[in-house]
Every structure is written in structure tokens, then in C-alpha cells.
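Each of two forms of one protein chain follows alone as C-alpha cells, named structure 1 and structure 2.
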Structure 1
């Protein structure tokens, strides 16, 4: 028998898509039965009360969670988000209901052994409710009480070799795409660099010293499956410099209908026979391709590596072999000054694990120095770049300006000339001026 009536939520149990309401109900039941005989460390009816407070929100059209609360584990400034219910008498099980962010492994691969250990811990010391995963990438454990926080961290860090993720004004847990582990498009090993930099910058991740949040995301190619270009302060997107590798026999296979275009992604509708001219050559944004005499040609110098032709014919076309990444800076969601896409800062840099990605750290660290010096409280990197100008970012990183940095040059001539750039400097004598120009 459910603790709270949930007539509104019950309506979300029908329909084909997995129902979180049904899932919450099965968890509430499991805790009530407690067949494993656990000494549950937070209230047994926590999920019942979670359903109850959510039902109330559905009725009221408003949240019933209080604002914040400073809780955490000793020595860290992030990783735990305090959460308290604003109706604790009605729903005592969720009166204290803090979130724990757990740093996810790069690529989000798991063994069931690991996941079961995490479930055991969370059944025992938490609500048993999670997000797999949060938007930034962490495993999110939703709902525990303050006395359990250190215990959870201790067990996790001792028995599972597992740390917390980031929150607050620090480096947020970096995230990556599936990369070379299972994707032929990946231009570098996203998992390796994501893990390496996560470990390298643990201090920045756990102890908030930044003006605001800071995100790294790693996309193996310009398809951007992890959306780095839209949502990370520094976005690392795989690219290459040399020719797209062409297998002309496989091209003929696509033209002849032997292979389905785009790996079969369009198989749900009859789009007619594949037309390489219309579907590949004519859609190339730079017009750098030709299909003549049953041969596909690509003029590499004009190619901007948009991935369309490779996406359409993955058996015939492969990324080049001189690979690396582009670095874009300053992406963020609209709060506060409007959304920003990442702006190209480094057109191409090697991604070299053999020297611990030094060339990339040489870009990251001066940016942090500049942002920590100049950034205002709660100012994202992108907003600082906008406020002070892209030139300041170039100065901070020592990167030379190149036309690749802009879509087009400025349309106004309001150039902030520096004194040293102007012959003779700015110090002049008015009396000298007046010798030639009477008042």
C-alpha cells in the first residue's frame, strides 16, 4: 500500500516510454520489503516521500525543494549539493535529500561488478535513486542525509577506488564522446586525454578557486556527439590536416546500391536510389568534391572537414592520418548574457599522450591564469572574452592572430591601437602643434 496517493503521477505509468514513476514505485516497494535485511542508514520510506513531494509539485505547479545548503565532505568544496524539502513535516523521509556527484569513467563504460558495488552502497546509505547520468556527465546519486556524506565518501574512496565529481566554481567533471574505443571517426583518443586531464587537475576539480564553473569536453570529430562546441568553456574537437582516405571500390559500392548510405541511418523511408552527385557532391559546403568517370575526387586544400561525405559513405571515406584537435573557447548556455558557441582559438594542435598532452596544457593553464585574474564573480570564460575582447585571449595564450579566428574581419574601424604600434608614440606637445595651427 503506497504511503501517499499519487493520482497525477499514476497517469505517467501508461504509454510505451520507460516510466520513472513505475521505477520509483518498485524502488519504494523494495525498500519497504528490505529482503536483503539491510540496516538502512536513511529512512526506509524515502522513495515514498519522494513520490509524495513530486505529486505535490504536480498539483501546485511548483518545486518543493529549498534553496541550496552548504554541505560537503572535508577538504572538498564540491561534489555534494545540499538539498532540503520545504515540506519536511509532510515528507520527513526527504527532509534532507542531498545529491552526491560521482566522477564517471571516461566513455561511460562499466562492468556490472562496479555498478553493483555502487548500488550496494547507495541502497545502504542513500535513497537508491540515481541519474545515469547528469548533464555534465557525472553519475548522480540523488538523496541522502548529512551524516552519511563522509561515510559514502569514505567507502567509495576506500572500497571502490572512486572519487566525487565537481560542482560549484571549479573544474566540472570532464566528459568525452565514445571516441576511438568504438568509432571510426575519432581523430584522437578522447577517453585517454579526458581521464589524464581529470586526474591532472584534481585540485581544480575539488577545490573551487575559479570565478565560476569551468568545463572541458572532448569530441573525437566535428560531428560533436558530446556537444562540446555548445557547452564547454574549452572544447576539444578532433580534426585532421591531410587527405580524406578514399576507397574507390567502396565508393562504387555505394553508387551501385550495394551499401546503404549513412550506415543505413535513413532506412526507415524509401528515399529512392542513392545519388552521389545530389547527396554528397552537391551538399559539400565548400564544393571541393567531384564525381567524374566513376571516381570521387576531393580537393583537400579546400575541404573544411564537415564530416558530411564521411558520414554518408563510412565504408568508402575515412578521416585523414595527420590527426589532432581544434580548441574552441567560451561556450555556455544563456545565463547570463545570452548563449555562446565556442570560438575557434587553436585551429590545430597535436594530441600527444607521449608528452602528457603538454601542447594542450600550454593552452589551458594561461587561460585559467587570465580568467582567475580578470574574471568577475560568476563570469564564465566566454563572457570575459566578450567583455575584454578576443585579442586579450590571444595575448593571454600567446597565440598569433590568424584569419581562421574570424568568420569575417570587423566591419567597424574602431581599433584600439596601442601606443607602441603608432609611430612616435602618443606624447605630443601642444605648443609645437600650435606653431602650425593657430587657435
Structure 2
């Protein structure tokens, strides 16, 4: 028997799609029965009270969660998100209802043994509610009490070889696509660099010292499956320098109907015969392709690596062989003031594990130094770039300006030089200039 009546929430179960409300009710019933006879470490009615407080929020049109502040475990300032209900007398089961972020493995590969251990731990010391995965990438364990935090962390770190993820004004848990483990488009090993930098920057992940949050995301190719270009302060997107590889026989196979375009994703839809001119060549954003004499040609100098042609004809077209990544800076995806895409900072860099990715660390660390020196409280990197200008970012990193950094042609005819940028420096001071001018 449910503890609270939830007529508004019940409406969310009426549509054709699975509902989180049904899942929560099922979890509440399971905890009430507790057929295993476990001495659960948080109130048995925690999920019932969660449904109740959500119903009240729907009824009042406002949240009944207070700002949680920082809650942590010994030695870690990040990884636990504080949650407190502003109606503890009415809903004692969720008077405190903290969220634990657990660092996901690179590529999000798990064993069933690990997942069972994690779920058993959370059933025992938490609400049993999980989010696989949050937009940051972590495993999200939703809802436990303050006394259980140290117990959960001890169990994870000592018996499961598992660490907390990032939360607060620190480096958030780096996230990546499946990369070369399963994807033929990946231009570098996203899993290896994601794991390496997660280990390398553990202090930045667990001891908040930044002006605000900072995110790395690693996309193996420009398809951007983890949306790094839109959601990360530093985005690493796989790319290549040389030509797209073309198999002209496979091109003919697509044109002749032997192969289905888009990997057969639209099989069963009668859209007519494949038209390479209409579906590939004409859709190239830079017009760098042509199909003449039953041959497909690509002008590499004009190609922006958008991946459209490769996605449509994966048997015929493959990424180049001189691969690496581009680094973009300053993206964020807030709800209220709108998304901001990353700006290209490094057009191409080799992703080399042999020297522990030093070339990439040499970009990351000067950016942190500049941002920590100049950034305001709760100012993301992208906002600092907008406030001080992209040129300041280039100066901070020591990266030489290149045409790819230019967003649009100049509209201001004046160019102002710094003294050190003028060969030989200034030879006259302002007084001498005025004397000459009077003559």
C-alpha cells in the first residue's frame, strides 16, 4: 500500500512509453516487502517519500529540495552532491537524500559481476535508484543519508577498486566514446587517453580548486557521439590530415544498388534508388566532391571532415591514415542562457601514448593556469574567453594564431600592436612624436 497518494504523478504512467514513476513504485514495493530480510541502512520508505515530495512539487509548481552545498567523504571534496528536503517532517525518508557520482570506466564497459556488486551495495546503503548514465558520464547513485557516505566509499574503494566521480568546482569525470574498441571511424584510442588523464588529474578531480566546473570529453571522430563539441570545456575530436580513402568499386556498388546507404539504417523504407549526386555530393558543406565518369573525387584541401559522405557510404569511404585530434575550447550547455559551442584551438595534434600524451597536457595545463588566475567565481572557460577574447587564450597557451582560429573577417579597420610585437620596439616616446607633429 503506497504511503502517499500521487494523482498527478499517476498521469505520467498513462502514455505509451515506459515511465520512471512505475519504476519508482516498483522499487518502493520491493523495499517494503524486503523479502531477503536485510537490515537496510536507510529508511525503508525512502522511495515512497520521494514520490510524495515529487507529487507535492507538482502540486505547488516549485521544488521542495533545498540547495545541498558540499557534502563529501574524508579527503575528497568532490563526488557527492548534497540534497536536503525542505519538508523533513512530512517526508522523513528523504530529509537528506544525497547523490553519489561514481567514476565510469572508459567507454562504459562493465562486467556483470561489477554491476551486481554495485547494485547490491546501493540496495543496502542507498535508495536503490540509479541513473545509468548522467550527462556528465558518471554512474549516478540517487539518494542516501549522510552517515552512509563513508561506508559506501569505503566499500567501493577497498573492495571494488572503484573511485568517486567529480562534482563541484573541479575537473568532472572525463568521458569518451567507445573509440577504437568497436568503431571503425575512431581516429585515436579514446579509452586510453580518457583513462590516462583521469588518473593523471586525480587531485583536480577530487579536491575542488577551480573557479567552476571543467569537463574533458573525447570523441574518436567528427560524428561526436559524446557531443564533446557542445558540452565540454576542452573537446578532443578525432580527425585526419591526409585524404579520405576511396574504394571506387564499393562506390559503384552503392550507385548500382548492391549496398544499402547509411549502413542499411533505412532498410524497409521505399525512398527510391540511391542517388549519389543528390544524397552525397550536393550535401557536402564545402562542395569539395564530384562524381564524374563513374568516379568519386574529393578535394582534400576543401574537406572539413564532416563525416556525412563516410556515414552514407561506409563501405566505399574511410577515414585517412594520418590521424590525430582537434582540440576545441569553451563549450557549455546550460539550460537558461543557451548553449555555447567550442571554438577551435588546436587544428591537429598527434595523440601519442608513447610520451604519456605530453603534447595534449601542454595545452591543458596553461589553460588551467590562466583560467584559475583570471576566471571569476562560477565562470566557465568559455565565458572567460568571451569576456577577455580568444587572443588572450592564444597568449596563455603560447599557440600561434592560424586562419582556422578566425570566426569571420575583420570588420574593424584598426589594428593595435603591442610594443613587443613591433620589430625593434618603439624608437620614439610620445613627447618626441608631438614635437615632430608640430613641425
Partner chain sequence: MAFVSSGYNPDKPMENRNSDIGPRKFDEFYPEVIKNNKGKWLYHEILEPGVLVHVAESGDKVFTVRAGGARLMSTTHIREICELADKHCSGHVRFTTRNNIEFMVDEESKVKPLKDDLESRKFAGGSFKFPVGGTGAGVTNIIHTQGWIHCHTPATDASGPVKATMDVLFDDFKNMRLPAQLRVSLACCLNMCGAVHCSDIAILGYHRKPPLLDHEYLDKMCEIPLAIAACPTAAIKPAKVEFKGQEVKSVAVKEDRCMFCGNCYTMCPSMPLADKDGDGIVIMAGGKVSNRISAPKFSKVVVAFIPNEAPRWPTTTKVIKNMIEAYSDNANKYERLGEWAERIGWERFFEICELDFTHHLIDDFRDAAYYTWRQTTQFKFTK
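All figures in this text were calculated on a predicted structure; none of them were measured in a lab. Numbering follows the first chain given and starts at 1. If you superpose the two forms and keep the largest set of C-alpha atoms that fall within 1.5 Å, you have the rigid core.
- The second of the two structures is the form predicted alone.
- The rigid-core alignment places the CA of residue 336 2 Å or more apart between the two structures.
- In the core-superposed comparison between the two structures, residue 408 has its Cα shifted by at least 2 Å.
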